[in-house]
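Shown here is one chain on its own, the form predicted on its own, set out as structure tokens.
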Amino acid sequence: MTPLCLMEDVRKTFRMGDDAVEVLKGIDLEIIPGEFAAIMGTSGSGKSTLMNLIGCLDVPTSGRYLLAGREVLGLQDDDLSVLRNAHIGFVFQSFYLLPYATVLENVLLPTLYRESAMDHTEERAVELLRLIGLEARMHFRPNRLSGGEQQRVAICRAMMNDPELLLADEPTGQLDSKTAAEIMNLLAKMNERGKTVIVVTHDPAIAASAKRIIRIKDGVIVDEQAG
């Protein structure tokens, strides 16, 4: 099966004045369509930099990265934006919901940036909210929701453009353990519906929900195992 994400000897160096710091030091990684993987590492391990490269929020300094068969290195910002919007839905630790917009309006946001409109966009948003049990609150504003409910709305928003890849960066970082488990169960449900899911986390309990655990330390992948 052709990988959805393919990295070969990917390196990322950041320059600070005359100094250069190599954060990623030769990453080889394949993510197959339909996987549920966790990238796990402590603060400073390079996992956030790796996430940014996987999500096309940044590009490698060197190496090869193909997303859905397209080479990422050398793409300009506009092309990266188009690639992200076509293939990736993002879920972050901070929910990033617009406080003045309703739940439904927040879920619909990604459709504003598509080059071609999706048919029945509002019906799709309502169906996603029904799937996570928040249909009755679609006209609420985020401040009327709990943290777990806000993260569920953020997952719906990430799913709105029907992406191949759902990329979640510390998605339970602001939640208690019970609510965190509910969010991971929801991500597992999205995976069962055919989505490729990558969770970036420092928490072994969260990583254990995935079917594959990729450990990164000091900018290199040091271990992989089944979840």
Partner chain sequence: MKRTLLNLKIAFGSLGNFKLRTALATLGVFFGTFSLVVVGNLSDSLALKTEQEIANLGNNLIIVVSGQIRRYGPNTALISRATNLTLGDAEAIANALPATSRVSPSGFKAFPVRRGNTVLKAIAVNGVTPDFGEVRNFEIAEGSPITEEDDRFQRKVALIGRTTAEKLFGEENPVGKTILIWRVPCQIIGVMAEKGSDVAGNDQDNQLFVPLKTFLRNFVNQENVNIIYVQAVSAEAIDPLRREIEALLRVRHGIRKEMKDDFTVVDLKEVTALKSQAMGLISVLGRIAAAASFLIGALGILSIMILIVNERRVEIGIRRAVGSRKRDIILQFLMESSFISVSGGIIGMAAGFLMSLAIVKVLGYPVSVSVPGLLLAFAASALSGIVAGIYPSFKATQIHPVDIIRS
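It should be emphasised that the depicted structure is a prediction, and the values quoted were computed from it without experimental measurement. Residue numbers count along the first chain shown, from 1.
FYI, the form predicted together with the partner chain isn't displayed, but the following is about it.
Colleague: Decide yes or no: are 57, 92 and 102 jointly within 4.5 Å of the partner chain in the model of the complex, with each residue judged by its heavy atoms?
Modeller: Per the other structure, all of 57, 92 and 102 touch the partner chain.
Colleague: With heavy atoms only and a cut-off of 4.5 Å, decide whether residue 82 touches the partner chain in the model of the complex.
Modeller: Yes, residue 82 lies within 4.5 Å of the partner chain in the model of the complex.
Colleague: I'd like to know if residue 152 sits close to the partner chain in the model of the complex, meaning any non-hydrogen atom pair within 4.5 angstroms.
Modeller: No, no contact at 4.5 Å.
Colleague: Might residue 136 be said to contact the partner chain in the model of the complex, defining contact as any heavy atom within 4.5 Å?
Modeller: Residue 136: no contact with the partner chain in the model of the complex.
Colleague: Since only the chain is shown here, I'm wondering whether residue 191 would be in contact with the partner chain in the model of the complex (any heavy atom pair within 4.5 Å).
Modeller: Residue-level check for residue 191: no, no contact with the partner chain.
Colleague: Can you check 127 to 135, 82 to 90, 67 to 75, 142 to 150 and let me know which stretch has heavy atoms within 4.5 Å of the partner chain in the model of the complex?
Modeller: Single hit among the candidates: 82 to 90.
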